[in-house]
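One protein chain, two forms: both are listed below as structure tokens, the first as structure 1 and the second as structure 2.
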Structure 1
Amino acid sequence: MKRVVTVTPNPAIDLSYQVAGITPGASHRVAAPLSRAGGKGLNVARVAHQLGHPVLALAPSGGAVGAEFAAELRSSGVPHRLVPVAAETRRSIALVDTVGGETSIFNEQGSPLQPSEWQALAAAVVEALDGQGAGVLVGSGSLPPGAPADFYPALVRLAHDAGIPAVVDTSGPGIIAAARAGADLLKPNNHELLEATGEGSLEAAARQLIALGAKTVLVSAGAEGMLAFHHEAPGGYWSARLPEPLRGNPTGAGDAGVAAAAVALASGVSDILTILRSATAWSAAAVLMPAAGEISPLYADLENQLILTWKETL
């Protein structure tokens, strides 16, 4: 299988705290957090690597937090290349309420990069796609302030120049720009999709992205599972869900779904139902784990439980 190359333009150290009940305004005693190098693209690479698929994770890294980020990533064994930058790498904090079953996430915004640092990151992507080893390029996550407006469209163009598909998982104007660039697969959640497009329904929003140029749109829809819209199936869409929603930590669920789609595309699989099934199962399996970037070995059992539905539209 060819390699899954991921790009995380705004990575973070992810700190996950387990809290036995959260009372607003109160003091809480907690154990030391689980700390790991994160950001959406890093989570994608971790999941694919966990299941034995070749990966290469690309990201900028800087400052004292960046040094911690780099050390943890080295110890993880995930193949990677970090681009040194002056800005401090940000942090992300997840408070997992083990009593209430809810997870609260606090994401630092991230710091601007210099133009030369953006150029170095782009050069690292070009180098990673050189030759025959790469099978798919994944761009994931938010952009720090001052990022090039065409960052994600540029990734799509680089992937297509290399003859491989491009997957983008972001929000806001970035997802619109990636659709216009012809991304092969976009993976927003339901809230991101509606906010980015301004539409009143998920179907209309997904169809807008396809009309702009996207080939496939996978939508995480919480307890409703995942929806798949494809440019060759204008008459409806597929949905996949479990009989009952799972309780756990949903922090990296969407990233696990992206990992499944990326692994399929890197393997030459383009069938939308196959991608939807694995993406939904891997996403659900991530909920069962304490932190983002890993999935439960029950993912195959979860896939066998999925309820698939074709929904026709007018």
Structure 2
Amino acid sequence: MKRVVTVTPNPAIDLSYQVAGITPGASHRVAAPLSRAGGKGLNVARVAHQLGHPVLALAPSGGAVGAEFAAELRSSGVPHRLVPVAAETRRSIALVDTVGGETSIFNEQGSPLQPSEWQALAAAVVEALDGQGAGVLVGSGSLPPGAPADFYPALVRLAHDAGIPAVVDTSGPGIIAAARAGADLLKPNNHELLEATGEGSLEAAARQLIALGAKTVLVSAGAEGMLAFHHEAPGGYWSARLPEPLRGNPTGAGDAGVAAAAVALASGVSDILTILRSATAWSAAAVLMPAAGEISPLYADLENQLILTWKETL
């Protein structure tokens, strides 16, 4: 099977703390956090790797936090290549209130890369796509401040030049730019999709992206499951959901869905219903796990429980 190559331009070390009750203004004693090299593309690579698929995760990494990021990634066993940069890798801090049940997240926004560092990251992508090993290219997550506006469209072009499909999962203007570049699959969530397109309905928004050039738009909608729009099926869309929503940790659920879609595309599967089923099941299986970047082995059972609906809209 061919490799899933992921690119994470703004990775983070994810620090997850369990806190027995959070009191604003107080001092809290906490155990050492679960520390993990994170960022959406890393989560995609971890999930595909967990299920035995060949992967390569690409990301910039810098400073002392970057060294911590690199050390965790090495110990994870996920094949990767880090591009050294001057800027410190960012952190994302999750405070899991084990009494109140809520998780509060504090995401550092990331630091700008130098132009030569963006070139080095692009060169790492070109090298990863060289030869016959790569089956799909996935670009995931936010961009650090000062990133080239065409970063995601450029990834789509590099994938197509190498003859493989491109998946992009980002928010904001990057979604529109990736659609214009002809991305094979976009995976916004419902909020990101409406915000990026300015449309009032998910269907109008997904159709806008397809009109711009995207082939497939997979929309994650939390407990509502997922919707799938395809450029060759203009008359409606598929949706998939579980009979009952699952309780758990939704962080990284969308990334698990992207992992499923990427594994399908890397295996030569392009059938939209097959992709929607596995993406919805893997995404639900991620909710059952305490950390992003892992899915429960129940994913196959969950796939069998899915309720699939075709909604005719023309």
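When a residue number appears, read it as a position in the sequence of structure 1, where counting begins at 1. Bear in mind that the values here come from a model prediction, so they are computed numbers and not experimental data. By rigid core we mean the largest C-alpha set that fits within 1.5 Å across both forms.
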| query | finding |
| --- | --- |
| Identity of the form predicted on its own among structures 1 and 2 | 1 |
| Per-residue C-alpha change between structures 1 and 2, Arg29, threshold 2 Å, rigid core fit | yes |
| After fitting the core, Thr103 CA displacement of 2 Å or more between structures 1 and 2 | yes |
| After fitting the core, Ala94 CA displacement of 2 Å or more between structures 1 and 2 | yes |
